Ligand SMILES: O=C(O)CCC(=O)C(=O)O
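Given next, in C-alpha cells, is a single chain: the form predicted alone.
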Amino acid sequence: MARAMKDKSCLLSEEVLTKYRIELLVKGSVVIAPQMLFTQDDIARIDQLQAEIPEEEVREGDAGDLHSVFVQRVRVDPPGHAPSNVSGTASGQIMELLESRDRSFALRKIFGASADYVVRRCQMHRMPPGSFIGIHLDAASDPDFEYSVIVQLARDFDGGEFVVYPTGYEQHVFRPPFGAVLVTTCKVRHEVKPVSSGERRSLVYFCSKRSGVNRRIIEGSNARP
C-alpha cells in the first residue's frame, strides 16, 4: 500500500502541487483529482477498516447547527483535551494511512506550509436519502482548525452537494467524483445539501499547525462536551 502511494505520488509534481496551492489560496477550496492523494487500494482499505468503528446519528453540531448525518469517529478533539484516536485498532490504522509521509508531504505543499500539519479530528460520514449537514463553520469546533480534507468514498448518489459560502453573496458548489479529495479552509461557512437518492459517504479530517489541547471555550450548561 505504501508503495502504491509512492508510485502515485510521482504524479504530484511540483507544478501540479503549485497549481493546487494557488487555487486553494485564491478560492479557499480546491478539488484534487482521483488517484492523486488516495489510490483505489487506499480507499478499499479505508472502507474495510471503517466497518469496525461504531456509528452514531448526529443531529446537532458543536455550535448548535442542525444536521442529519451518521458519523463514525476515528479521532476526536474535545474542548480542553488533546486529539486522540477512538478505541480499537481500526482508527489507528486509518490514521496511519492518512498520515503517511508522501501524503503528508503533498498536503503540506498544497497548504503552503513549511512543516507537517496535525490531524486534529477525523470521522466518516454516511448520508442516506434525506441526510444533510447544515450551514456551519468548522473553526467553531476548534479555533485552530485550518483546513478540512474530504475524501469522496461513494459513486452513485444524487444531491449531497458541498456548498461553500466565502462571502455573504457568493457560493461555490462542489460535487467531487469518487476518489477525489476536496480541500477547503475551515474559516468559511459551508453545508452539504440533502441527499435525494443513493448514499453519500466520505472521510473527513481537519488539519492544524497546532497540536495540544483544543482551546475552544464552551459557554452555557447545555453546550456539548
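A residue's number is simply how far along the shown sequence it sits, counting from 1. Note that this is a predicted model, so its numbers are computed, not measured.
Below, we refer to the form predicted together with the named molecule, which is not included among the displayed structures.
Considering the named molecule in the predicted bound form, which of 119, 153, 150, 106 comes within 4.5 Å of it through any heavy atom?
-> Selected option: 150.
Taking 4.5 angstroms as the cut-off for heavy atoms, does residue 136 touch the named molecule in the predicted bound form?
-> Judged by the heavy-atom cut-off of 4.5 Å, residue 136 is in contact with the named molecule in the predicted bound form.
Would residue 202 count as a contact of the named molecule in the predicted bound form, using a 4.5 angstroms cut-off between non-hydrogen atoms?
-> Yes, contact at 4.5 Å.
Contact of residue 75 with the named molecule in the predicted bound form (heavy atom, 4.5 Å) = No - in the predicted bound form, heavy atoms of residue 75 and the named molecule never come within 4.5 Å of each other.
Does any heavy atom of residue 46 come within 4.5 Å of a heavy atom of the named molecule in the predicted bound form?
-> It does not: once the named molecule is placed as it appears in the predicted bound form, residue 46 has no heavy atom within 4.5 Å of it.
Look at the stretches 166 to 174, 36 to 44, 22 to 30, 189 to 197 and give the one with heavy atoms within 4.5 Å of the named molecule in the predicted bound form.
-> Heavy-atom contact with the partner occurs in 189 to 197.
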